[in-house]
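The chain that follows stands alone, in the form predicted alone, written as structure tokens.
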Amino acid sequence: MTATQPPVALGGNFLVSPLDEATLFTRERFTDDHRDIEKMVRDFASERVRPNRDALESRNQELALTLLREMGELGLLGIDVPEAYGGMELDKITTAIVAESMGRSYSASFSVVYSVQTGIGMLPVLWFGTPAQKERYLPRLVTGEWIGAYALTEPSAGSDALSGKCGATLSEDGRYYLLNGEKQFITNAAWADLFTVFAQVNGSQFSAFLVERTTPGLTVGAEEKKMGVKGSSTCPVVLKEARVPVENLLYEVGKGATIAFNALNLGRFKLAASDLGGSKAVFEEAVRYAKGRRQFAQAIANFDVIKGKVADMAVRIFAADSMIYRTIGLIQQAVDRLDPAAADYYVQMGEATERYAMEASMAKVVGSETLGMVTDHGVQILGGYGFIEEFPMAGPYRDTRIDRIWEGTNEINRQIVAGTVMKRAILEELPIRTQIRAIDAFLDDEPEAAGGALVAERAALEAGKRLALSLLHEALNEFGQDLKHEQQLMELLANMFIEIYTAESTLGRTALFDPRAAAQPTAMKVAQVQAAEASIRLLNLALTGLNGIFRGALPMAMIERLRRFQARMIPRTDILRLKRAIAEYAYAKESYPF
């Protein structure tokens, strides 16, 4: 970092600082190179993957691996890998663009195969491998010659992954580690040539090993019968005295948690980006159907309730897009400050990414729940046909359900979000206590007079930040550090923080639109709707949380404080009119319009 650069802000800083739009990254700031890669991947998804969806969903290994190797020929498996190992070593924004564009392929199964290959199947080697390990494995992985898999989960260790029982003991001659245990739900398992396996060395030192498929003692079990993503391979992996050479220890003994959490942080924002692409694809199918389906002598797209659903989908996708790329931009800005020539460059990259772990968790939650909501609305718009496999909603509806479970359940990710803010408040890593002390003075000031684009929405958002911090203050006063055990309250706080981050990202992105752009007036309407509905949700979440803290007996002083927040936050927005206009714009574009 040079002397002229300001320090990198910690994750969660958005709660105590106004948005700096100059540093906000959005898709409108893609470079020409970004847009070229986006077009290439979207073309590949539409021309090579989507037409083969039915075959891919039947778990056609030959076809899936052929397509994966075609992506390797295009350089798309090596986005994060240095040229020395056959990769392209592009930025994290490109990583997200590729994930989003593949999410539009309408084959969640193939997207999963690709995502594991380029993420948790490859990056642990890149980040933590020795030069010899990188030279042996990365060139094979970036071409698709070898398939990677990641063996962390166990039958009795899911969310609590570090409690795994799989063991590793050093052989008497010191040449091998002997691995014993079972791994569960391992993606790509039946097709994989290389497994990153986590095990406890000497019973308590959580570590990672690179285990080749031909290793004696490694057995892949039968395919799981899954609800969705049926075309990907998911199997248990059994290790019985599996002899792993000591040189295949990844990083250091006892450093498995560092490897696992770094992989999860990157995996979360990639999953969010993939879900974003999937949401846009499903939206377009729903709009196409609504415009073509006629009932009562007119297209169902004309019905007001359908316009409401289409607008809800558009608003939710726009907001998710805004906060996901904001998060990736924050990570990229932190990575840009590093010296790629440093011997520990990838360790530093992991630390830089960890600064925004809570934002990555928020992106994962919002991305997965957006796709879940969009597919649900899509099924409803198609009606009975939404329930039929030959139509384009039943598959995505099943496929997306797993996204709220893997890469850390959304419950776990919400605890990470709230726990991070709690930790930074207690340790004063962020000036949260200072901000809390200033809440009364904020409420005593006259609200800023509305005038100009989105001024009222921004003012309501700033009040919403204080409302969330006020709830955090009351919760800490009541429970202290034991607040972490009040999981319903922690989840409620996380929801408030997610609402704030998403609304601020949406407002900030909208402000960057070129006023001459055809989409700008509709983007403004989207921002107004999103901000208004976020304000309502924030007020309701705060009331629920305070009633929980005070056990339903709110003091009059607290009720009066809530009224003062309401005066600043209750929207004066004709949401229904705006939603009609948003839907009509989407109909005119005949696609996702932003």
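Fair warning: this is a prediction, and the values are worked out from it, not measured in the lab. Residues carry their position along the shown sequence, with the first being 1.
What comes next is about the form predicted together with a small molecule, which does not appear here.
- Only one segment in the set 388-396, 410-418, 76-84, 167-175 has any non-hydrogen atom within 4.5 angstroms of the small molecule in the predicted bound form, and it is 410-418.
- In the predicted bound form, the small molecule sits within 4.5 Å of a heavy atom of K226.
- Taking the partner from elsewhere, T153 is found to have a heavy atom lying within 4.5 Å of the small molecule in the predicted bound form.
- By the criterion of a heavy atom within 4.5 Å, Q487 is counted among the residues contacting the small molecule in the predicted bound form.
- Put simply, S470 is far from the small molecule in the predicted bound form: not one heavy atom of it is within 4.5 Å.
- Proximity to the small molecule in the predicted bound form, defined as a heavy atom within 4.5 Å, holds among W191, W127, F206, W406 only for W406.
- Contact with the small molecule in the predicted bound form, judged by any heavy atom within 4.5 Å, is made by just one of G308, P245, G158, P139: G158.
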